[in-house]
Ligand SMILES: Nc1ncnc2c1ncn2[C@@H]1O[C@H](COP(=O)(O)OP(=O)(O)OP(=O)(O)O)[C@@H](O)[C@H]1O
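In the block that follows, a single chain appears as structure tokens, in the form predicted alone.
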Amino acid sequence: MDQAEELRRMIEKQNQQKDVARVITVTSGKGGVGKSNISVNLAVQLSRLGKRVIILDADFGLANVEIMLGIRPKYNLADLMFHGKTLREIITEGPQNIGFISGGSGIDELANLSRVQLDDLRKMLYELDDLADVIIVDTGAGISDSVLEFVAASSEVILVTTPEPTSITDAYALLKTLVKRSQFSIDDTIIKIVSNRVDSILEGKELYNKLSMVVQNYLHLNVEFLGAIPMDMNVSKAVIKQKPVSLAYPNSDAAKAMYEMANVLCNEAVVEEEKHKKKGISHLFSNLVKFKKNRSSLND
């Protein structure tokens, strides 16, 4: 038995002995489609529905989550990794009782963590399963190796797209590149589509249908429809205020759509657990460690 297999079995045994968090990774094929905004507002709405939520900002090098929350964290992941801070010390308290962990801004070390460092980070983050019911991982945008590895390592993914042709094309490109990766398992991953900035729910569903049909025909991959968020000027106003639209304008169309999606996620939780057991944050990072090991072996 190699070390990676032994690590996976150890994590599975640990997770059988404790209640682990549901980990949802939010991503997009290109920047500027509202990915981080959706991550933050889903966290707020899930908290309103009684869930303990922590956002992990995995977009290393940028700091979109903290900017949207209007909060400057005292510590970030780099302080956990390199400066001796504890996990609880780097969790910043946000609005509506959500917590978030900043990836930091311009921190090259985090974007290039070694396999050993990723394994150390996995061990440090293990406690998150005790602190949250849901962990939302906000990745970077695009099809870089770091983004694709996070998505491939995840068991539940939300892919955000808009009606713009470039956004649809890039969303498809992300899925196409993902399917080609040996680390990605179709059977172990649920991918949900969010249609953002649409004129109506109907347009959002049509956008999903078009993308889903192409993905099924050419990639043999099934994707689910989570919901649609209408174009709403209140979202821009909230961003300027550095406050989630769900709090700044709770009765806006965008906020209501975000609440409906959070409600869907909560209502489907029991069904999802029967299909795919919750695996917690350690499972995601153990997969990342495995990917790094495999990549190193290929480069040797």
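Fair warning: this is a prediction, and the values are worked out from it, not measured in the lab. Start at 1 and count along the sequence shown; that's the residue number.
Missing here is the form predicted together with the named molecule; even so, the following discussion is about that form.
Per the 4.5 Å heavy atom criterion, the named molecule in the model of the complex is contacted by stretch 225-233, the sole one of 123-131, 173-181, 203-211, 225-233. By the criterion of a heavy atom within 4.5 Å, residue 250 is excluded from the residues contacting the named molecule in the model of the complex. Although the partner is absent here, residue 33 sits close enough that one of its heavy atoms falls within 4.5 Å of the named molecule in the model of the complex.
The named molecule is not shown here, but in the model of the complex it comes within 4.5 Å of a heavy atom of residue 37. The closest heavy atom approach of residue 161 to the named molecule in the model of the complex falls outside 4.5 Å.
Within 4.5 Å of the named molecule in the model of the complex, a heavy atom is found for none of 44, 194 and 246. Note on the partner interface in the model of the complex: the residue among 58, 265, 54, 239 having a heavy atom within 4.5 angstroms of the named molecule is 239.
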